[in-house]
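Okay, so here's just one chain, in structure tokens, the form predicted on its own.
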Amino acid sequence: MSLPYAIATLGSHSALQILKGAHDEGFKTLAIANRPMEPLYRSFGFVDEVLGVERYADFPSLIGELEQRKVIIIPHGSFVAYLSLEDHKRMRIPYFGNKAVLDWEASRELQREWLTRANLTLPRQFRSGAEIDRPVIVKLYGAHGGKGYMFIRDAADFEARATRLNEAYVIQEYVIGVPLYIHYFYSPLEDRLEILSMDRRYETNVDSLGRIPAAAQEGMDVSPSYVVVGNQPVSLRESMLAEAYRMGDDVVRVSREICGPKGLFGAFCIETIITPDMQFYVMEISARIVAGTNLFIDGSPYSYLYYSEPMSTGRRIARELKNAMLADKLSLVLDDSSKL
């Protein structure tokens, strides 16, 4: 079957998974890659075309050309890192997802309101360094992959190190527990939420520091870094799956109240910490495919329960688009600004 649209994305983050899934569902595929990455994407047979740019931030220069072609853009974390909200909103290329969600995701304050209204448990947030009375983590706004985060012991420690912060940030209670990233997919076609996979991140150098005894760390001039370099697969105790599902379901429900009737749909991820008493604390939400799903290009135990075949998040996106086309409901799974 020949599908009328090609699937396009930036050559970064989870592009290989997205394009492989699109190819397996019968779509033509297009990678928009910077010069160093071009040879990589050209080496894969499932990538039909590669458009080169000097920098990913130059993507807006291609919008006019892409608007003349029958392509559907699949956003991922690099779109958030390299393009502004205005860049997203200006483009009229068919876009998988609801751009109205971006404002709520980009603002730490709005995101916290969203998650609180969904009855999720969040760590305490401090308005100023003077309020800090426990260990905290200072996070920068936006998609930084863990870069620039700081672990702070107390108010005095914050005061001594605050001069290093030259971007907008949030001060958040540091919850001690197991980090777990839950990958969801909500289908507006089927009105169904799916848990597709889960992962935890490998972060440097904080994970390496964890191997050094605390006594040996005393006096070391090493600041923890939370830069993500890889991901590890995780499966959750089955008795905890119901609460994980409830959290995703309520996030989608509230999104329809704050982002218009379409709300959040497609792939998204809730970042959690699980404490020893089995309590989920929610750190943040990513309203698109996340890089942790790259572990599961051939599917995960959870996706197999739904589909009994290899089903990555990238392929699940492509299948949703294909099913929407076959049902003549493509507009249901695209942003309202999309020009079909």
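We call the rigid core the largest set of C-alpha positions that still match within 1.5 Å between the two forms. Start at 1 and count along the sequence shown; that's the residue number. Because the structure is predicted, anything quoted here is derived from the model rather than measured.
A second form of this protein, the form predicted together with a small molecule, is not displayed here; the remarks below concern that form.
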{"query": "Stretch in contact in the predicted bound form with the small molecule, which is absent here, among 226-234, 185-193, 249-257, 262-270 (heavy atoms within 4.5 Å)", "finding": "226-234"}
{"query": "Single option in I93, I137, L102, L120 placed near the small molecule in the predicted bound form, where near means a heavy atom within 4.5 Å", "finding": "I137"}
{"query": "Option touching the small molecule, based on a heavy atom within 4.5 Å in the predicted bound form, out of W114, F158, F126, Y181", "finding": "Y181"}
{"query": "Non-hydrogen atom within 4.5 angstroms of the small molecule in the predicted bound form for each of R108, V175 and M283", "finding": "yes"}
{"query": "Any non-hydrogen atom of R201 within 4.5 angstroms of the small molecule in the predicted bound form", "finding": "yes"}
{"query": "Interface membership of A291, the small molecule in the predicted bound form, 4.5 Å heavy atom rule", "finding": "yes"}
{"query": "Close approach of A81 to the small molecule in the predicted bound form, 4.5 Å, heavy atom", "finding": "yes"}
{"query": "Proximity of H13 to the small molecule in the predicted bound form, heavy atoms at 4.5 Å", "finding": "yes"}
{"query": "Core superposition between the shown form and the other one, C-alpha change of Y181 at least 2 Å", "finding": "no"}
{"query": "Core fit, then Y95 C-alpha moves 2 Å or more between the shown form and the other one", "finding": "no"}
